[in-house]
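Shown next as structure tokens: one chain only, the form predicted on its own.
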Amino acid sequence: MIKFFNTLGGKIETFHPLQEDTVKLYTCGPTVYDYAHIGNYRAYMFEDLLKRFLLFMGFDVIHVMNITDVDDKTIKGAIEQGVSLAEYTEKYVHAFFYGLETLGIMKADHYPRATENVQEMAALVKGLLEKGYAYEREGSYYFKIAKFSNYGKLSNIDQRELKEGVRVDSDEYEKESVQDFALWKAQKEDEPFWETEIGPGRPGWHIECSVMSAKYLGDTFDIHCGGVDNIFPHHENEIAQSEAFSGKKFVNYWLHCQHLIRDGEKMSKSRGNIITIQELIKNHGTDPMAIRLLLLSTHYRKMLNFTFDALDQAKSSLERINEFVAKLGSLSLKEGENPEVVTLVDEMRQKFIQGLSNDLNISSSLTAVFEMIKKVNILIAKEKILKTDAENLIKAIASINKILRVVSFPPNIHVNDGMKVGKDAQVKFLERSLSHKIDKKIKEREQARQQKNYALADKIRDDLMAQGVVLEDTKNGVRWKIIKK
């Protein structure tokens, strides 16, 4: 059973996708007005963890990440440098993809650019106008938030704060500015513009994501991610304009990550404390996988404080995993298998999945990994590790590395740590062993036993056994484990 903290409602909820085996995921991409810093990549890393975990659990994931290449910031930067908008933004787009590749972040299926979807944005504005949710003033179009009764349901804005009829043109504004927001901005001198069915101009920031998400994922999809700073006004406005236009619920689960700060202070240009991926690698000789592990290791809903001490700790943890794998690959071992090691591997795998199933609790999952490493190292010292044990341990690390993507395997160890999930029924079941379907079967068996319907309880147990799962009734409840066939 997978659970996430849903910002919409403010509580932990069991995850049920719209389609049984497919997750439609939209993640807020970069506004390409400057080079991304590690604070930006903290959000992309959380989204990568989410995506990899869903794939690991057997889901197909359709992932869309937008690239905002036209907004107030990009236009201002292009004007200041005296270049076209495309020329100004392209270098930042390239730098963004360099960062993704360097940190091992999986590519999205689609990277729509705002400038490539302007006509569709104009069409959405026209539709809102026709439905009475938008109005025009001097060539610009605004969303009438007083008309949308559910405005504020994501950010918990009080409708009484609404300043009816007051408009705001800026893409970003403070929470107190509960005003009608710009959907479309009229043509201005020296600014780029597009000729559309609603007149010349360019889109407001918020309308962009509504159009690009619907284009690839439909009117309603499963998960929308971003940083907490996007909750208001950006995501609140996305909901309003999307649901006003379609008449359908926009997104079922909203996941937001907290900020990365540096030495206890917000990372910003004005403070001069921004640090980039390139700087850490070139100036400090940092292994990109240590950066990745650092960004992964703190729960996404907690503030991450970047310090070089914390980075050193991530390096040490990474070395510990890599040294463990290298040691396993270099040992000369006798044939055989130690049941104690089998138990350690099974416990680690279950705790690892359980942690991530609980709102991506990566700290719990990593603790399970390092606890296993510690106990196995003791067995190695006592010469209680056999050949099959080493092979199974390496396979276990390779399996979880599909999610972590930080381990470096020596040349003499050949593993398949890609994201492709095998079609074999038992392997697929193993990787989805904690899915809601299996939990449901176990609960059904418990209910049958309580009702003294032992025939049904035995049938459920036998069905699970046939799939490679054995149930153990203990005084602390039902335990299960994967068995070999």
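From a predicted model like this one, the values you see are computed outputs, not experimental measurements. Start at 1 with the first residue shown and count on from there.
Although not depicted, the form predicted together with a small molecule is the subject of the following passage.
Remark: G355 does not count among the residues lining the small molecule in the predicted complex, judged by a heavy atom distance of 4.5 Å or less. Proximity of L260 to the small molecule in the predicted complex falls within the 4.5 Å heavy atom cutoff.
By the criterion of a heavy atom within 4.5 Å, Y26 is excluded from the residues contacting the small molecule in the predicted complex. Among residues of the shown chain, M267 is one whose heavy atoms approach the small molecule to within 4.5 Å in the predicted complex.
Interface residue among K73, K387, K126, K215, judged by heavy atoms within 4.5 Å of the small molecule in the predicted complex: K73. Only one of 453-461, 56-64, 440-448, 43-51 places residue heavy atoms within 4.5 angstroms of the small molecule in the predicted complex, namely 43-51.
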